[in-house]
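Consider the single chain below, provided in structure tokens and representing the form predicted on its own.
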């Protein structure tokens, strides 16, 4: 006997948005509902169907989950002439309005991968019904001095583990390479986590700080997960809090996990199963116990 049902759902302005609502057989009304956004140019199934199986996994544990295509992606149409960011916010509000109107939930958790994580970051700030957000490989991460030292030592150690390379460096035949796995240009093209370039660093940091300050004030729980494709951008779990020391209480709201052996699209089944279990553990222990206003 199935423990959940799946229903194609159209919603939003002029019913231009399309998603799949996964509903548990036994729903607990006190649980927040989960909104899973499409990732980059990938539709609501997610990379390697990650979003499909995450929705089913969470539904088996009592959560209602709506995974949907953002405007202009997959089966969802563009909503208007607004920017991508504006349309994404309208779509998230429409998804939350739909489930709240159905009596499913009045609190929501957003989940996004890559560019979808960036949309989640904006949506969590814009809607005070959001009590948690999961950012899987978000495209922007801020460096710290500790990270820069960690990465430099890692690259030096890796380079010097090969005797031939040591000799080439000593003789000047080869420069010591302490750069990342991907160049800044490659990281941007692939939407991999990276520090903003100097030309936009101050503006991007101010934006990020504004959002994180709002989350800290509302006590929104945040879960960041990075794979081995993010090694050059983040090297320790406290890096996000350290990058924004001015935001009081931020560290207590964060869970950061670094899975160095994984790749950006969660290619292995064992990785995906660990991902689902980690998200469920975070929901159970850090999001659900927190009631609004307490």
Partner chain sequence: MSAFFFGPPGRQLYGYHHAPTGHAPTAPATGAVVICPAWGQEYAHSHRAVRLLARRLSERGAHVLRFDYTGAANSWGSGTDSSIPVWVDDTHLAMNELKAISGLPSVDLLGCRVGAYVATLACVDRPDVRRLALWDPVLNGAQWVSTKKIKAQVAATVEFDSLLVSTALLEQFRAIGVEKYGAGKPQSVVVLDDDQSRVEELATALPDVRRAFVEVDVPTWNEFARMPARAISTLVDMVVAK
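Positions refer to the first chain, counted from 1. Just so it is clear, the model here is predicted, and its values are computed rather than measured.
Keep in mind that the form predicted together with the partner chain is missing from the display, and what follows is about it.
- By the criterion of a heavy atom within 4.5 Å, residue 52 is counted among the residues contacting the partner chain in the predicted bound form.
- Put simply, residue 73 is close to the partner chain in the predicted bound form: some heavy atom of it is within 4.5 Å.
- Of the heavy atoms in residue 277, none are within 4.5 Å of the partner chain in the predicted bound form.
- Contact between residue 60 and the partner chain in the predicted bound form is not found at the 4.5 Å heavy atom cutoff.
- Proximity to the partner chain in the predicted bound form, defined as a heavy atom within 4.5 Å, holds among 122, 77, 127, 208 only for 77.
- Interface residue among 264, 251, 27, 56, judged by heavy atoms within 4.5 Å of the partner chain in the predicted bound form: 56.
- For the partner chain in the predicted bound form, the listed stretch (27-35, 264-272, 229-237, 243-251) containing residues with heavy atoms inside 4.5 Å is 264-272.
- Contacts with the partner chain in the predicted bound form, taken as any heavy atom within 4.5 Å, map within 7-27 to 7, 8, 10, 15, 16, 17, 18, 20.
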